[in-house]
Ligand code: UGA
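Heads up, the chain below is alone and in the form predicted alone; it's given as structure tokens.
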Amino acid sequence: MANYLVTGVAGFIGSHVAERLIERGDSVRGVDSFTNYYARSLKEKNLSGLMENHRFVLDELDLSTSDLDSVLKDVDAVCHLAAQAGVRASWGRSFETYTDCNITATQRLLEACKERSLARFVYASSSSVYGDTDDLPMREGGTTRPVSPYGVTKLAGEHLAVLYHRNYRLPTVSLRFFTVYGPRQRPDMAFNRFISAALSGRPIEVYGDGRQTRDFTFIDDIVDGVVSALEKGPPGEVFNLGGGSRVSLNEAIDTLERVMGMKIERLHGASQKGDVRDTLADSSKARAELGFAPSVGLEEGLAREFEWLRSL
């Protein structure tokens, strides 16, 4: 049994990771600042099962300003998932929020951990660090040239993780997530928006022509990768975690129509600044070193997200 610190624990991915660790018999101290990016009530619902477990403790605090010594007491490993999410919202005046939540908070947490004896410090990065490229599949050693402020902040966090590993031997591992979906997906993300609109009889808004492709990764597969990284991720390394379900957005909506058993009216709008055309992960390194083997295909994953949203 180990004691884990999970930041961003009330979020989509964080709540799932914490539940998996608790199910294994571990203890989790969860940290979340409950930013107003989306409704607090949804985040509290994410935590509803965890709050009933005596091996889970929640601390509501801001990593960018709070004293962190108390939350790190007796912690064996850190899973740093807290971040201000969203490519499209990261422009303009909002950028200060992204630098506070994604860069300053990460640096302060690394600083607080640098003299501690931790088994691992896992940092959640993003495929957004690659930017817009025709060099597919995306490889960890490839060019990183983000095309959104959000991507810039996530790449900065990766660099900080490497610096603290090289200078303080902190066992950091960075994971680049590729378009995660499934139950508890944030309300601003595409599949949540599409399903919610269709259930209400409204058309969905598709940015661009819908031919852009994504490597969709189901939440359970992401959690497998995170937990494996916490246990055996080689310190100082970066890994892609992609689900192997790379399809166009139009094809994904076609799949969603089959899952829901209904036609979905589509309204096409302008492409959004910061969105990339295509993503595809080369996850061979994660497969070899973490045993990462995504098993949930797009149709099954969408069916599970649909059932979750329909039950709310």
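Just so it is clear, the model here is predicted, and its values are computed rather than measured. Residue numbers here begin at 1 and follow the sequence given.
The form predicted together with this ligand exists for this protein as well; it is not shown, and the discussion that follows is about that form.
Asks: Report whether the minimum heavy atom distance between Glu96 and this ligand in the predicted bound form is within 4.5 Å.
Replies: No, Glu96 is distant from the partner.
Asks: Even though the partner isn't displayed, in the predicted bound form is Arg108 close enough to this ligand, meaning a heavy atom within 4.5 Å?
Replies: Because no heavy atom of Arg108 falls inside 4.5 Å of this ligand in the predicted bound form, the answer is no.
Asks: Please run the contact check for Arg184 against this ligand in the predicted bound form: heavy atoms, 4.5 angstroms, yes or no?
Replies: No, Arg184 sits far enough from this ligand in the predicted bound form that none of its heavy atoms falls within 4.5 Å.
Asks: Considering non-hydrogen atoms and a 4.5 Å limit, does this ligand approach Glu205 in the predicted bound form?
Replies: Flag for Glu205 set to yes.
Asks: Go through Ile103, Ala190, Ala112, Val238 and name the one with a heavy atom inside 4.5 Å of this ligand in the predicted bound form.
Replies: Exactly one listed residue reaches within 4.5 Å, namely Ala190.
Asks: Please identify the residue among Ser90, Thr153, Ser126, Ser174 with any heavy atom within 4.5 Å of this ligand in the predicted bound form.
Replies: Exactly one listed residue reaches within 4.5 Å, namely Ser126.
Asks: Kindly confirm or deny that His80, Phe121 and Val162 each have some heavy atom within 4.5 angstroms of this ligand in the predicted bound form.
Replies: No: no residue has a heavy atom within 4.5 Å of the partner.
Asks: Among 163-171, 226-234, 211-219, 70-78, which stretch has residues whose heavy atoms lie within 4.5 Å of this ligand in the predicted bound form?
Replies: That would be 211-219.
Asks: Does any residue in 238-257 get within 4.5 Å of this ligand in the predicted bound form, counting heavy atoms only, and if so which ones?
Replies: If the 4.5 Å heavy-atom criterion is applied to this ligand in the predicted bound form, 238-257 yields only Leu249.
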